[in-house]
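The chain below stands alone and is given as structure tokens, in the form predicted alone.
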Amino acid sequence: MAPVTTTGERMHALVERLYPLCRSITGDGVRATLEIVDEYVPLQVHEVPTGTQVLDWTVPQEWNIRDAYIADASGHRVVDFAASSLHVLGYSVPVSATMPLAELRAHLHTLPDHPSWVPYRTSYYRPEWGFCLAQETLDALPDGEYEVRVDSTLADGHLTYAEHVVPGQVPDEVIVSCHVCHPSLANDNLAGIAVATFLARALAERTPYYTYRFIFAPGTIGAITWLARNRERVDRVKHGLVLACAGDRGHLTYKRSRRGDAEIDRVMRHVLRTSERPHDVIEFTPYGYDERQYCSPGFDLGVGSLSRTPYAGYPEYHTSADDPGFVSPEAMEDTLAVCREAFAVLDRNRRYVNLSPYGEPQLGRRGLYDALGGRSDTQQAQMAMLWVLSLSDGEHGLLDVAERSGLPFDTVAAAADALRDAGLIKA
């Protein structure tokens, strides 16, 4: 086996390690997932008891499963949970019975259009049991009696989620959220978990301006639980990003926040456009991932969503074809790079006030022009200083300067640093 060397390969190795675990919105699979992530970044794990009221929802009973199968008359397992956690309808109630195939069919789920794939199906909030299998497997089953066994428990327990915080220079927060409830699905959302984990590690290598809070929670009910438990301090959240479907080979897609013009929306649009990566920026819809919870009207947080191919936009979505081979190290590394670039802009997007606003200050006397001598981008850097001085009115940020001037954000930020150090502007 070739050694793992690149960050993308390390993220893909994490996806492969997490892939076999049976996850759901509660249960030991989520805990096992978080234990592995904790090896990469330290997590604070929260357990919320069954029956806890969380906004308009209630934490459900905890589901765990040990085994499940359909066996023919000879005892051969024709469908086996041990082969893939997708084979069981998520949150299946326990069952132990023998029945004819005609009766069993009502509890079987397939994908006739993709006969070799196994679908992912759940029944979180309605007592039900069932199995998912390939259509070609079902077609090969002869009539007869089958033993059906789901060795699961639904009992009072807990909903589990975790947080990792990268301290910043200020207590204002950026949240990065990903869902940890799906079983063996690599793109949705093990790739999101891997990118979030390695993004946290990258941010910890420096001292960011904002405090970054990473939320690893089950989809929908997990984000709602986090919001309910943080209602009194959610005003600290200034920006946010939901990561999902982060590893397929499609180009990047950014979904705006409900506001549509939140700072994170502008930053992501700027980074994607100036990077010249193929990409799409799409409008908010109240469907998809947990951005819809963070953006709900009562909270109205500036949270967008970053993915590659969007929610339900690829045939492999919610099927066994979304396996580790479907995601690539290069795609995950590209997603991670865009996140890092965007947060670097977000961290440096200050508003400044010109301390010498009456006429243009003499930059040469302060050595600012001389300091740029010999640089290939000297003229561009000089223009950046003039633009920063012109728009340092306490109302425009550096991103405004970059967009209005057409200059690279890094050049604008470097100019602002030089002007600040010379005492000509202040934040």
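One-based numbering along the sequence shown. Model, not experiment: these values are computed from the prediction.
Unshown form predicted in complex with another copy of the chain; subsequent notes refer to it.
S.K.: Counting only non-hydrogen atoms, which stretch in 63-71, 378-386, 40-48, 26-34 is within 4.5 Å of another copy of the chain in the model of the complex?
M.R.: Of the stretches listed, the one contacting the partner is 378-386.
S.K.: In the model of the complex, do Pro115, Arg206 and Thr211 all reach within 4.5 Å of another copy of the chain through at least one heavy atom apiece?
M.R.: None of them does, since no heavy atom lies within 4.5 Å of the partner.
S.K.: Can you check whether Gly397 is within 4.5 Å of another copy of the chain in the model of the complex, heavy atom basis?
M.R.: No, Gly397 stays farther than 4.5 Å from another copy of the chain in the model of the complex.
S.K.: So in the model of the complex, does any heavy atom of Thr285 sit within 4.5 Å of another copy of the chain?
M.R.: Contact check for Thr285: yes, within 4.5 Å of another copy of the chain in the model of the complex.
S.K.: Even though the partner isn't displayed, in the model of the complex is Ser275 close enough to another copy of the chain, meaning a heavy atom within 4.5 Å?
M.R.: Taking the distances in the model of the complex, the answer for Ser275 is no, it never comes within 4.5 Å of another copy of the chain.
S.K.: In the model of the complex, does Tyr317 come within 4.5 Å of another copy of the chain, counting heavy atoms only?
M.R.: Looking in the model of the complex, residue contacts with another copy of the chain do not include Tyr317, since no heavy atom lies within 4.5 Å.
S.K.: Among Arg340, Arg231, Arg77, Arg236, which has at least one heavy atom within 4.5 Å of another copy of the chain in the model of the complex?
M.R.: Of the candidates Arg340, Arg231, Arg77, Arg236, Arg231 is the one lying within 4.5 Å of another copy of the chain in the model of the complex.
S.K.: Scan Thr335, Thr197, Ser177, Gln293 and let me know which has any heavy atom within 4.5 Å of another copy of the chain in the model of the complex.
M.R.: By the 4.5 Å heavy-atom cutoff, the listed residue in contact is Gln293.
S.K.: Taking another copy of the chain in the model of the complex, which residues of 44-78 have any heavy atom within 4.5 Å of it?
M.R.: Residues within 4.5 Å: Leu55, Asp56, Trp57.
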